[in-house]
Ligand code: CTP
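Okay, so here's just one chain, in structure tokens, the form predicted on its own.
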Amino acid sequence: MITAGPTREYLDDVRYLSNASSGRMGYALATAALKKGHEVILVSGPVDMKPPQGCEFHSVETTSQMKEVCHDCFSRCDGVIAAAAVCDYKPVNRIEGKLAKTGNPISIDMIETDDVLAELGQTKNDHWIVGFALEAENARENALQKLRSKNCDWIILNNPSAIGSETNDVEILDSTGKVKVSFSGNKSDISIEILSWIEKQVS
């Protein structure tokens, strides 16, 4: 199972919080996995791409929807590559209709969304899990913290320049914080390298 793209959390019926993830990394991973002969479940937030032919595709919008689909599909998978850029916060209350302008400042109370990857990690049993960490400061330290808190086997570290880009620079870290391998270049090429590396680890 591969997750891709952003999620959205609505302020009212027309406005939402999200991020600039294009979904290219997740879709490239799904394409690479299919080319290698794997069965693929792709769970994707809203993106401007068509899913690769041959995958089982689930379109979602909110973080809770992604969590529900991933939970339902998890038992049918050998492992998960979580490339989605999940929205971390949502409004405490969603306003019905459209919030009107008043000319005055407003404040919106926010709470954290469900941690999709951490919940999968808590119930992974014999599954393997690869997470993604997009970090700007203390990158490896923060990525390692995410790996441990979400119970991943490995985590793929990249940086904010990857958002919306056709290229990427990644490092794969293990639970000790050691960089096992690094790749740079087009996301399609990197995806093949990542899949080949994972295959060697889980075979």
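Because the structure is a prediction, the values reported are computed rather than measured. When you see a residue number, it is the position in the sequence shown, counting from 1.
The discussion below concerns the form predicted in complex with the ligand, not included here.
Interface membership of F132, defined by any non-hydrogen atom within 4.5 Å of the ligand in the model of the complex, is confirmed. Using a 4.5 angstroms limit between non-hydrogen atoms, H58 is distant from the ligand in the model of the complex. For the three residues H38, V40 and H127, a heavy atom within 4.5 Å of the ligand turns up in the model of the complex in no case.
Shown here without the ligand, the chain has T113, D114, D115, V116, L117, G131, F132 in 102 to 132 lying with a heavy atom within 4.5 Å of that partner in the model of the complex.
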